[in-house]
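Quick setup: one chain, the form predicted alone, written in structure tokens, and binding and motion questions come after.
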């Protein structure tokens, strides 16, 4: 086991010890937010036929080679075609067919003029300008051609992609199964009961928060329970979590106090400890272990400490297990809009909200930054990195921001 590892070392060890879940086949209507586990090739063109881009008249462009305002091309209108219908007749050099937006181009026609520009006289139209083949026509396959790769393994099925697949006639997709994440709370002080708190107790808010994060990430949270500060209880819940889920996340009991027993419990169940303690603030007391090909991630019981590390480590971990091809947190350079008065001997992460300020990315701190402060997680969509050895930061300092939304 390694102690006091860097954030990057901790992340890489976790990612090295996990793999995407198995696959399953879902109806397209049930696949929103899931991750494709195979490429999808177009089985047909979009659109499947040449169609009109506007309401107008379809004709043979050669009929307009000599057209002018003085000598318009005069064509007989022989039919009208709405979207969803097909012309019964063929266009010749002296005829035209009225078409609506999206209607198939009639056989023999290769150009369309908009209705507003046409001079209509009884059953005839007059065209006063020259046209080239395919003017105002959307070609078959202009959007997607048969055989095109329209989606790749690891892509998230967002609404536009679902719509594109539906347009291609796809009804079922193969996706990665949702990873199951076991959540275990530890600590004599925690209460899962509603109503008034007993003396010395606090409500188990972190479990609810982690449950929400897991669901939003596309995982299935599995609530294993809350253990008192007893090694045997913690061991039993760890074993249950490993049996029921793909990864186990615990909160509390990972520091070095008399009642911090998760490290000992992990050892006793025969798990291999990967690391204990990370060189960041908040969240230094963090552990990771593996057993039977599954990862155990132990977070601090302090709300902010545990949740910040969850965002930095568990988000990429769960994304990889869910099959995402881009599972690392995105980063950007941003300006600190508030000052931060404390020095940072260790690498620190500040909770903030990304805003657009004066045409550039800025971050406004979401509240107090203490280890036990939960309220500053509300509205937090970025973690702002403060390098180790930094003094107090003035407003306007440029820092790296990690996107955690």
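Note that the structure is predicted; figures quoted are calculated from it, not measured. Numbering follows the first chain given and starts at 1.
This next part talks about the form predicted in complex with a small molecule, which is not shown.
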Task: Contact check for 189, 203 and 301 against the small molecule in the predicted complex, heavy atom at 4.5 Å - done: yes
- [ ] Check whether residue 260 has any heavy atom within 4.5 Å of a heavy atom of the small molecule in the predicted complex, and answer yes or no.
- [x] yes
Open item on the list: I'd like to know whether residue 241 contacts the small molecule in the predicted complex, with contact meaning heavy atoms within 4.5 angstroms.
Closed with: no
- [ ] Using the partner position in the predicted complex, report whether residue 282 sits within 4.5 Å of the small molecule, counting heavy atoms only.
- [x] no
Open item on the list: Residue-level contact is defined here as any heavy atom of the residue lying within 4.5 Å of the small molecule in the predicted complex; does residue 106 satisfy this criterion?
Closed with: no
TODO: Spot the stretch among 153 to 161, 214 to 222, 75 to 83, 195 to 203 with residues whose non-hydrogen atoms come within 4.5 Å of the small molecule in the predicted complex.
DONE: 195 to 203
